[in-house]
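Only one chain is shown below, in structure tokens, and it's the form predicted on its own.
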Amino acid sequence: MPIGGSSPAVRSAQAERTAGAEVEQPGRHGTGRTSRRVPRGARAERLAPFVLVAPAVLIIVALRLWPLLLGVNFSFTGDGERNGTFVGFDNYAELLNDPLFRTALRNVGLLVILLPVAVAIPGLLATFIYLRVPGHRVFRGVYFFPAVLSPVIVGAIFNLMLGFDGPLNTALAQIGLGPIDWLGDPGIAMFTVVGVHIWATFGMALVVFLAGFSTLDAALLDAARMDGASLPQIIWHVIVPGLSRTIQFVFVTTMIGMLTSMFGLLYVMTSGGPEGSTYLPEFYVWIQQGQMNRPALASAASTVLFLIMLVVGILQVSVLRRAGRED
């Protein structure tokens, strides 16, 4: 055996171990080609959510976002002799100078003020139904029934009831109150139409609240009752915090409905009158597009309506979230 060296057999064994380590090292450190290969099953699982969401995204882009962008672009063009030409912000300046559109914006502010009432009514009724007041099964069907009626039918019914010589004024006269011009007084007409809209549509919000109650922990209600909490305390300290996300959803959807779903009532009950006092941006858009043949100005009004709904919705969600964190 040579001095200071290894035998050929030992060197051969060491060389084999070194070669084996070099072969195994890439796999051990994850740098080999085999370790980088992703199994087909894992790759399919990663792509599955995108494949499932893709049809909905394409529909939203094709039927919502793209027409919205076209409408915004069209609002910067002219009408009549200037049809198709770029006019900048002329349409928006004309909107701000139009008394009818300013009235429509003031009415939007009125809707925002009345929004808590429109949400509180179905919320309280859903609470009573959840607490199983006597006859709650009958009330559930009765409260939802107006939601299936056409706004045209609802408007026609209330036109008869709220007429100057209608049943409501006749009943008021029996108790010594003078007749009220519910639909002909500019100071009252908008409140009347909003009240009818709330009556006709709160059934959907009621269903949403009842669905939210199904996620509420009943043990909290039982504990509150055992501690001697009154019904207002239970509603404010137990039910409202427990339904915070449901309340946020109802606030936003109710506001959108009040801004975009009152055309039928307005058309049948007041046609924007008296003196333009019941104009809303949605009704203004129809007047400019359908009667005045000014589609570019109507597009500008639609863009303003979209921005109003976006800002109001974001503000509502932020305020309600802040209130929920404080509770």
Partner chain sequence: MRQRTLWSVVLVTGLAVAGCGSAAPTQSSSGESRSRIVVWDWKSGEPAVASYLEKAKADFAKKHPNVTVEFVAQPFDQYYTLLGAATQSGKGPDVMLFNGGGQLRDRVDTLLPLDQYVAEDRQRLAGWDAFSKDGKIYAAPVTLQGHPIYYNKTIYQKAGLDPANPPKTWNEFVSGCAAIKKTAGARCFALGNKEGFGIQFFMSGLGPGILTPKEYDDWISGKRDWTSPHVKEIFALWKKVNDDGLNNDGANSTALFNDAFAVFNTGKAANIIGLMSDIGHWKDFGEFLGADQVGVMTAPVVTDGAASVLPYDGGIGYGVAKSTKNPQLAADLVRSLTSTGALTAFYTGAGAITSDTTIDVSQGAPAVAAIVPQIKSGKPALHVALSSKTLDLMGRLSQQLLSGSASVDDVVKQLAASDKAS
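Take the two forms, find the largest set of C-alpha atoms that superpose within 1.5 Å, and that set is the rigid core. The structure presented is a predicted model; accordingly, all values stated were derived computationally and were not measured. Numbering follows the first chain given and starts at 1.
Missing here is the form predicted together with its partner chain; even so, the following discussion is about that form.
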item: Contact residue in the model of the complex, from 97, 170, 83, 230 (heavy atom within 4.5 Å of its partner chain); value: 83
item: Heavy atom within 4.5 Å of its partner chain in the model of the complex - residue from 52, 59, 42, 69; value: 69
item: Within 4.5 Å of its partner chain in the model of the complex, all of 73, 276 and 293 (non-hydrogen atom); value: yes
item: Partner proximity in the model of the complex: residue 268 to its partner chain, non-hydrogen atom cutoff 4.5 Å; value: yes
item: Heavy atom of residue 257 within 4.5 Å of its partner chain in the model of the complex; value: no
item: Heavy atom of residue 159 within 4.5 Å of its partner chain in the model of the complex; value: yes
item: Partner contact for residue 195 in the model of the complex: its partner chain, 4.5 angstroms, heavy atom; value: no
item: Proximity to its partner chain in the model of the complex (heavy atom, within 4.5 Å), stretch among 206-214, 180-188, 122-130, 239-247; value: 180-188
item: Yes/no, residue 72 Cα shift of 2 Å or more between the shown form and the other one with rigid core fixed; value: yes
item: Large Cα move at residue 289 between the shown form and the other one, threshold 2 Å, rigid core; value: yes
item: Core-superposed comparison between the shown form and the other one, residue 299 Cα displacement 2 Å or beyond; value: yes
